[in-house]
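Here you get one chain, nothing else, as structure tokens; it is the form predicted alone.
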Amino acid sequence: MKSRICELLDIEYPIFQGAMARISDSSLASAVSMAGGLGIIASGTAPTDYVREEVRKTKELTDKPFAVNIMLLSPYSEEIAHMVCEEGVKVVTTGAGTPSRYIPMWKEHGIRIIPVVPSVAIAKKMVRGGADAVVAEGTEAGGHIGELTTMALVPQIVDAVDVPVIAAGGIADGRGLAAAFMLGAEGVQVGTRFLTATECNIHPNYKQKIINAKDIDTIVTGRSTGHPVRIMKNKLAREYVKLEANKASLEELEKLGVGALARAVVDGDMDYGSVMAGQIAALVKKEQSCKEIIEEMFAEADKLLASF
């Protein structure tokens, strides 16, 4: 299943590993890249020095292409935008904002630019600004999300732009991969499935939470703040949603959420940690290496597409 994105990025399989804050580190990114996909280091709100160190670790672990995701709302985003040039990173993905001001600089350094977009209008704007491809992420995804579903969003963006479109949100097996290609995508981005990868360094409790998930076990918090986030249902989620229903102030909501992601990822607190995951979590039933995950997904998709 080759596509323009494979040629553009010099990767074997048209699959990106999702940029998950505090999760997508050098261990996970390098393993995905070594397996033939595009591993991505998530900068989140981490300091520049931390991200730089993860970039250097990844270079030591693999000579394959990898990316850095820059969350443009981060207070360190401008520093990281310059750092990727200094470190010779070849691919940058972006989220939570518009990277327009950095695109000329990145182009000068030969960096491929792939923004994550939630709508046709933003996709067109990014392409006009010089994006080499876009990730069309549906609301089924874990973490920060938009409103449109992957099924509705992907074909509309495919019709609206002339660069490769990567489908994201609700994809965890060969069926989702094949469906994305049928919708016109030239690749997929997968996050939740990689949470249970052997090379993913989250707490074992987090991995088990994903493996035990049922179809209705995720919920969206933060709609009232304008920053909706999909997480697994737990005591934190229920308390947050209750506060939102009672018109709690932004300060109250932020206080509840401070440190919640670290509590889940590092401490394994499944009650009051922010356990980010997509709606597809219930399809993830085992821990595998990144290589096994990628090869299994593409074998399933190839078999399905060959039957038509």
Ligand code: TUI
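Start at 1 with the first residue shown and count on from there. In this text, all values refer to a predicted model and were calculated from it rather than measured experimentally.
As for the form predicted together with the ligand, it is not shown, yet the points below apply to it.
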Partner-contacting position among Gly174, Pro155, Gly222, Gly146 - heavy atom within 4.5 Å of the ligand in the model of the complex: Gly146
Between the options Ala160, Met182, Ile211, Ala96, which residue brings a heavy atom to within 4.5 Å of the ligand in the model of the complex? Ala96
Do Met71 and the ligand share at least one heavy atom pair within 4.5 Å in the model of the complex? yes
Hey, in the model of the complex, is Leu9 touching the ligand, heavy atoms inside 4.5 Å? no
Using the partner position in the model of the complex, report whether Met276 sits within 4.5 Å of the ligand, counting heavy atoms only. yes
Does the ligand come within 4.5 Å of any heavy atom of Met105 in the model of the complex? no
Can you tell me which of 118 to 126, 212 to 220, 233 to 241, 190 to 198 lies within 4.5 Å of the ligand in the model of the complex, counting heavy atoms only? 118 to 126
Would you mind checking 159 to 197 for residues with a heavy atom within 4.5 Å of the ligand in the model of the complex? none
